[in-house]
Every structure is written in C-alpha cells, then in structure tokens.
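This document starts with one chain, in the form predicted on its own, laid out as structure tokens.
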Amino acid sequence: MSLFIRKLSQNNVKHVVAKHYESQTLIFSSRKLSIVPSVYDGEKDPAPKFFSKNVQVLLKRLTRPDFAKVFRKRKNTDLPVLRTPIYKFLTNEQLESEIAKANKKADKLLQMPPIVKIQKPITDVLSKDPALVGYDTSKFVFTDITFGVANENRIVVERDPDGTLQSCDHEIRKRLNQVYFPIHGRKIKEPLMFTDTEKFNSLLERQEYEFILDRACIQYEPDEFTYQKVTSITYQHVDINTNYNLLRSTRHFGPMTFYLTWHHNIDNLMLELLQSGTVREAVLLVALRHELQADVTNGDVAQTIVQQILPTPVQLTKPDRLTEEDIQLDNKCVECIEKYIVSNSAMKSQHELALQGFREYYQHLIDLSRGLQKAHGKVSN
C-alpha cells in the first residue's frame, strides 16, 4: 500500500510546505495535515521478515544505541524522589563486568515492539441450541479465569439470545482479560489521546512521538488495527518532518525504519543519513531494503559491506581523524550508495547533492588525518 499525503484545508493554516519528487508534488500544511495510515493487512505477513536474524541485526544497528539517551532521566510518578547515584572504584575486570551488565540492560530497554499482521475476526461457532431461543434478551459471556493461562489462549465464549454458542471476538476478549488480569497502565476505556483527533494532533505537533508510541504499546496489542493506525500516522509524521533523532536510541526507531522500508518510503531517511555523514548506516538501510523487497540492484554488495561494518563501533559523533581501514571501508560505502542512487533512489538529485557534500567533507578529513600521521612520522600505505 503506497503512502500519500493530501492537503486537508486551506483555512487556519500556519504555513504550507511543498516537496518535489521526480513524478509528483506532495503538498501539506504544518497544522491541517491528513495522513493516510498504512497497516500490515496485505497478503504478505511482515512477521517472518521482522523476526529474521539479519533484519533484527540491521534494525538494532540502525537504532544507533547511545547510553546517554537510553539511560536518561525519565518522568516517573512511581518514584517520589530521584535515586541517589552510587560511585564505585572498580578494577578493569569489574569495569568490564559492569559494562556488560549495562549492555544487557540497554538491550532490554531497546527491545522493539513486534510487527505482525492485522488480526482476523474470530467467527468460530461452537454450537446452536434452538431450545434456548427466547430464554433471555441478553448475551451470556463465559470466561476461563484459570491462573497462569496466556490471555491469547484463554477460552472466552458467548451465548447469544438465539441459542448460538461462539467464541468471543478480540475486543470482548481483551476487555474481559483486562477485567480479570489487568495489565498495568492499560485502560478498559480508550484514552482520549487516541479517540480525540484534536488531542492526538496536538501531541504530534508537540513532537511527543515517544510518549504516543509508548502509550500505544501499553493500550493495544501489536495486531490490533488501532495500534497499527496510531503507529503508522506517528511514523509518517516523523518522516515528513525528518525528526528521526527524536526516536533514535529508543525501541521505536527499528519498527519505524522497518515500516518505512516495507512501504517503499525510505528516501527521506536516506537523505538524512547522507546529510549527517553516516554513510555506513546508509549502506545498512540499503541492505535492509534488499532484505525486505529484494529490489536493490547492488543488494548483494551492500550485504557484503554490512559484514565489515557490524564489527566497527557505532558512530555516535563525527570522527575527528581516520585510520586507513576507516578510509577503505567508507570508500566502499560511498561506491555502494552511488550505485543505489542511480538504480533505486526516488530523490536522485537530493541524494547526489548530499553525497557530494559528504565527499568534500570526508576528503578534508582524510587530508587532515594523513597530515597528522606524517607529522608524527607515520607513513600510511
């Protein structure tokens, strides 16, 4: 399903922005914006691709984990005061152990919400008993409340006034499970932030993306239509405004990147990566597209380069000097992106201009690094 944006109203608009692509012009306003959600309801099931090892590795690396953001202070009403920090003197072995614990905790905090196909309606009719017709005007619902049974496997059935006994649909099952086995933070009645359009749009305008997505994960199941609608609109709003950094180093960046790639809409993200000089992540994005769509001309080359990128440290900031190994790897990345732009990019002129800007900056950095090596008596090969 393709993504598209249309102008909703000419009235009461702050400003209008036009984006020019090769085949179309998309016009939208900063206030009156209509985003059409695209959910995972097609014939293809995204779950096998999302949970595959290669895709998970790419998404986690593209998240660009930064401990300063992962372990940042958060608002928490359960804690009346901030915890007092603890300082310790550690040996090298103890320090490595603590770093390993921090990495494990960061992986847990960055665990991505699953991406699955929209749930299908439950229409299982168990029996029909004509003798019960007219017995009552209301439905009777029967719920298995055995402790320890997973909610998705719990037996919940209803007897209709016409004597039909059938399995309850997802909405009734969810409500009854919440009554008997409540999930902390989930409300039986949907929060206004999801049902009131003005409140939801206000959160988007204030760029409260992480709050929206965190709350959606608590309130809904990943295969619910409302969950996928909310996340789809949020991801598109992030993409339109190129606010990717607000979701980087959070558990939602991977699903957003998967969503954009699955729906053939990675051009803005690719442009942002090139403009920020992270060509290695741009190659990871090319490899991700090839994993999901298999339509990249040099996809095999990108996947080969990925194996060289993964052992290197995550680039949280621009480097101030380079090694010869870095130069060789980045040159391979630039060549890979050049071929991708020619064969697959929908924003060729913008991508080429951004890549040219990176080349000029990178050449200056190469000259500086090699000049420093020469000054210190080190001759590069």
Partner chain sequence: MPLPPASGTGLYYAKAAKSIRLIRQGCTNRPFFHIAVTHRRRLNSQPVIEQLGSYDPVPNIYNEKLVALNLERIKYWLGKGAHVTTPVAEILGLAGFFPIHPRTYMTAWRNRQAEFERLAKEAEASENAQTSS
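Numbering follows the first chain given and starts at 1. These numbers were taken from a predicted model, which means no experiment stands behind them.
The same protein also exists as the form predicted together with the partner chain; that form is not shown, yet it is the one meant from here on.
- Remark: all three candidate residues (138, 142 and 145) come within 4.5 Å of the partner chain in the predicted complex, counting heavy atoms only.
- Contact annotation: the partner chain lies within 4.5 Å of heavy atoms from the stretch 168 to 176 in the predicted complex, the single such stretch among 216 to 224, 168 to 176, 305 to 313, 289 to 297.
- In the predicted complex, residue 129 approaches the partner chain with a heavy atom inside 4.5 Å.
- Proximity of residue 159 to the partner chain in the predicted complex: non-hydrogen atoms within 4.5 Å are present.
- Taking the partner from elsewhere, residue 134 is found to have a heavy atom lying within 4.5 Å of the partner chain in the predicted complex.
- Within this chain, residue 180 lines the site of the partner chain in the predicted complex, having a heavy atom no more than 4.5 Å away.
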